[in-house]
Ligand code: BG6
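First comes one chain, alone, set out as structure tokens in the form predicted on its own.
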């Protein structure tokens, strides 16, 4: 596989192909998942105006946010991981059960140290299953002396027919920071959350599972997360869409960001230690067993 990995690393994208028109495409710029097709149906939103110049973050798919969420006094918003070229650690490989996996990695380099002077290593393993996409993340601190703190988040853009018809479960009772109202803190009273206006909320201490209704083909999507205590819900709506050069003015009804991460309380990583987190996206076919998602964690 070494030759294949080297050949693929020279290109801009890596494709996991499970057969039956089920694929996952990762752009090496930011190790950004830019497509996830199940039976040839695209599950992720990517803006028609997204930049693929290898400099800007890709507007859509699943950008990898690290080591900062939001504005950053040291460097680019949402950190440098999503605008840095990653390394293909392990080329796509078919497992005994037919699933396909690949692994990507990012280490500190001259560019990252010029912004954030710490040693680190991230591994990012993706597994494409029949109706699921698994994400396994490891962050390592190889330093013998220095600790560092970081935010991390998977900025998942779901493709939806009409965001106003989507419902998100698992947020009732959670406190959230509302970034559209000067970061005021509220508590969610609704059993299901809907989006009918500009929405930018950081829900804290959320459960491990959310279900999003009325995604592609009117189906439901389950998001199962581990070691990601926060869930961000975002849609720019009309006015904010017009402010983004890489986002179409009319695209906001067709996307919904449901983002698992460590945002409100940064992770502290001591010298020589590691942090792990994971996420599973699963298309719910009515009759699926909820706990299926716990396999192969």
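Note that the coordinates shown come from a computational prediction; the quantities given were computed from them, not determined experimentally. Numbering follows the first chain given and starts at 1.
Same protein, other form: the form predicted together with the ligand, not shown, and the subject of what follows.
Full three-residue contact with the ligand in the model of the complex, heavy atom 4.5 Å, for 59, 200 and 232: Spot residues vs the ligand: full contact, yes.
Partner-proximal stretch of 74-82, 204-212, 184-192, 124-132 relative to the ligand in the model of the complex, 4.5 angstroms, heavy atom: Answer to the contact question: 74-82.
Listed residue that, although the ligand is not shown, lies within 4.5 Å of it in the model of the complex (heavy atoms), from 90, 220, 136, 179: By the 4.5 Å criterion, the partner-contacting residue is 179.
Heavy atom within 4.5 Å of the ligand in the model of the complex - residue from 157, 120, 150, 104: Contact with the ligand in the model of the complex is made by 157 alone.
Residue 45 within 4.5 Å of the ligand in the model of the complex, heavy atoms: No, residue 45 is distant from the partner.
Exercise: residue 252 in contact with the ligand in the model of the complex, heavy atom 4.5 Å: Contact check for residue 252: no, nothing within 4.5 Å of the ligand in the model of the complex.
4.5 angstroms heavy atom contact with the ligand in the model of the complex for residue 69: Close contact exists here: in the model of the complex, residue 69 approaches the ligand to within 4.5 Å, heavy atoms only.
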